[in-house]
Ligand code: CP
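In structure tokens, one chain follows: the form predicted on its own.
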Amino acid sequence: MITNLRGRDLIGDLDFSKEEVETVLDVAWDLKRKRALGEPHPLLRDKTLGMLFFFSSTRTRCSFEAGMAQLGGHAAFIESRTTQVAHGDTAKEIGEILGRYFDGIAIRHCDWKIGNQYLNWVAEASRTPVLNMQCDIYHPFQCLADLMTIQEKKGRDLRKKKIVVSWAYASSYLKPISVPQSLILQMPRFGMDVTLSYPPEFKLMPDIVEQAQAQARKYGTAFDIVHDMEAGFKDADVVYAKSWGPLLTTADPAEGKRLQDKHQDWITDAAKMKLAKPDAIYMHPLPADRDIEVTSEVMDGPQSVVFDQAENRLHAQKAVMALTMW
């Protein structure tokens, strides 16, 4: 167990080593057990977390607020548009000032080519840890919860287990690319063979893909890219299919929607799930566009673990906060 995480930022998935992620998971399972047994665990009594949102949230806000309360502390919700963050406070000022008010700063900022840079600017100025609740490049807490869920369902030894990280059609807004990017960075470190599947217009950042390939080489796992949903699903142990925008092809919402609508057949349905292994699990970070992105038959079916996945956001986040903010 690694015990030197106090005061550390978590902005990108590789900020924590594999061994440090294993420590986070060990603590997360212990806190999940305590929660199940009703054992108090006020590890952050009298500590405060400032939560700054530039992007709306349900699971993220609720799980961080509940987690801080369960750890004996308090989380303060700060919405950028209704504060002077929207018209005056700079990233440096936020880091300097909130870093003095709070014992940790959590930020969700998904604006393309802005969010990650903003988090790093705040972190440079803050004397307390900065935690990434999702940016335009990474979604590390979602990925920690995903890894926790996969290990609960498939065992701690994930060597030679295949995960397909697949694009899926959605009719709503053009979603960030941070979830698939975090997945392809983290999963090779735990022995998983990764297949990334997407239509050609929906590629991920080249440097992130290169880093993922480097992780796969380091840990002796496979990393493949295909442009066919059915091919990606074949023989998968874990199906992780969600929508993301064609941000590296176009930043224009109208053109992005046109490209998205070309691929309405990229839906996770029972027929595609049959291409995966019989005991494959279906994952999605939620919210999903039901019967557009994934059928209700799959979403509510026996292979779906989406609600366990959502619960594990709470436990994984509590673990990181407990390790970094004490």
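Counting begins at 1, following the sequence as shown. Just so it is clear, the structure is predicted and the values come from calculations on it, not from any experiment.
One more form of this protein exists, namely the form predicted together with the named molecule; it is left out here, but the text below deals with it.
Undergrad: Find out whether any non-hydrogen atom of Q264 is located within 4.5 angstroms of the named molecule in the predicted bound form, and reply yes or no.
TA: No, Q264 stays farther than 4.5 Å from the named molecule in the predicted bound form.
Undergrad: Decide whether H315 counts as a contact residue for the named molecule in the predicted bound form under a heavy atom distance cut-off of 4.5 Å.
TA: Output for H315 is no: heavy atoms all beyond 4.5 Å of the named molecule.
Undergrad: Given that the partner is absent here, does Q260 sit within 4.5 Å of the named molecule in the predicted bound form, heavy atoms only?
TA: Q260: no, not in contact with the named molecule in the predicted bound form.
Undergrad: Are any of the heavy atoms in H109 no more than 4.5 Å from a heavy atom of the named molecule in the predicted bound form?
TA: Looking in the predicted bound form, residue contacts with the named molecule do not include H109, since no heavy atom lies within 4.5 Å.
Undergrad: Scan L275, I292, A66, L286 and let me know which has any heavy atom within 4.5 Å of the named molecule in the predicted bound form.
TA: Exactly one listed residue reaches within 4.5 Å, namely L286.
Undergrad: Here the chain is shown alone; which of S126, Q142, N116, S197 has a heavy atom within 4.5 Å of the named molecule in the predicted bound form?
TA: Of the listed residues, the single hit is Q142.
Undergrad: Any idea which of 53 to 61, 32 to 40, 266 to 274, 292 to 300 reaches within 4.5 Å of the named molecule in the predicted bound form, heavy atoms considered?
TA: Selected range: 53 to 61.
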